[in-house]
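Only one chain is shown below, in structure tokens, and it's the form predicted alone.
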Amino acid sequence: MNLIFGIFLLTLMLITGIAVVRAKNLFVATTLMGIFSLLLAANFFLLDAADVALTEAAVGAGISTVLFLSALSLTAEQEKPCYGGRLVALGVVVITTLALLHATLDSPRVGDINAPVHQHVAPWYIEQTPILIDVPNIVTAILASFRGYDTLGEVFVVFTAGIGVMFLLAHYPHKKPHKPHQGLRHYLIQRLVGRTVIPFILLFGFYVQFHGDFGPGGGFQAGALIAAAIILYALIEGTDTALTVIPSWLLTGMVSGGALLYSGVGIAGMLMGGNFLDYSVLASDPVAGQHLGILLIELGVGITVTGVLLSIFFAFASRKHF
């Protein structure tokens, strides 16, 4: 049954992808991209990648769609016609498709116990996680502890990307101040539905943040969910109202503060006689130290992701034509 449903979702994704490329109206293309991301999130869930599915649904179908619509407010509605170069583009697409298909032929089947990853790396993680870290979610143990360096790098990638986007969208004062975005506060149904779901989105975001060591979730997913809730509030009540709830100086502190918290946990481990990002020395019991370290660095990830996503959104919102 899952196979049939997966093929159905892949077919819908193929149709949606073709529709995105063929769409001349940029608003339609943006909406279709949001639908594509939602279908992709459902596919991830079918493949038991719940952590990735949460991120794709919150970022791909949610926040990215809003940011694309914000960018669309600064551009024309219709795509400008482009002449020439179609054969080259078609050739690139065909070659890439054939290369991907060839690569997938050598990939092991999903769930194959004889796959190389299940013969070397995975058994070690399964055997050692209960002993060294003792958290039910092995994915969290791998990303936050065993591969803490990689996750720290990802946090700084998000941090750097946010800084770069904000530089590109830096708001310069105009001779005539633009009218602030008033939101949908005068639309009763949208305001009522939004105010109803925002508390639940925030609650789920905090649940994902602090329950990531027991189930799917963590700082990346939680940060995206919390940011989505605040962006929805800004769209309903207006950006100026949202900035009174979470001001710009706080967002700036969140962007850098989360990354500094993550790095600080690693430095604390060194000062206490361990290695960088070695959480075992943070408490008298090594397992308790692992739990404390994972909690702190996941909190740092969530703070940075929330701050970056909201900063990018408000950078768009501060533009003259938003």
Partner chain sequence: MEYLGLYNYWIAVVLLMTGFYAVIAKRNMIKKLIGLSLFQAAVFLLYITMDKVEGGTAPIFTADGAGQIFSNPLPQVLILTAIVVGISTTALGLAIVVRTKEEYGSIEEDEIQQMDGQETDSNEGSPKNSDFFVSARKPRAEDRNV
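Remember, predicted model here, so these are calculated numbers, not experimental data. Residue numbers count along the first chain shown, from 1. Basically, rigid core = biggest C-alpha set you can superpose within 1.5 Å across the two forms.
The following text describes the form predicted together with the partner chain, which does not appear among the structures shown.
- Contact annotation: L47 falls within 4.5 Å of the partner chain in the predicted bound form, judged by heavy atom distances.
- Contact check for D51: a non-hydrogen atom falls within 4.5 Å of the partner chain in the predicted bound form.
- Although the partner is absent here, E154 lies within 4.5 Å of the partner chain in the predicted bound form, judged by heavy atoms.
- In the predicted bound form, the partner chain sits within 4.5 Å of a heavy atom of A29.
- The stretch that touches the partner chain in the predicted bound form, counting heavy atoms within 4.5 Å, is 58-66, out of 58-66, 284-292, 266-274, 251-259.
- Every residue of the trio L3, P108 and V135 has some heavy atom no more than 4.5 Å from the partner chain in the predicted bound form.
- Checked against the partner chain in the predicted bound form, the candidates F206, Y149, F214, Y187 yield a single residue with a heavy atom inside 4.5 Å, and that residue is F214.
- Of the candidates V158, I236, L202, I246, V158 is the one whose heavy atoms come within 4.5 Å of the partner chain in the predicted bound form; the others do not.
- Comparing the forms between this form and the one not shown, the C-alpha position of S73 differs by less than 2 angstroms, with the core used for superposition.
- The Cα shift for D112 between this form and the one not shown, taken after rigid core superposition, is 2 angstroms or larger.
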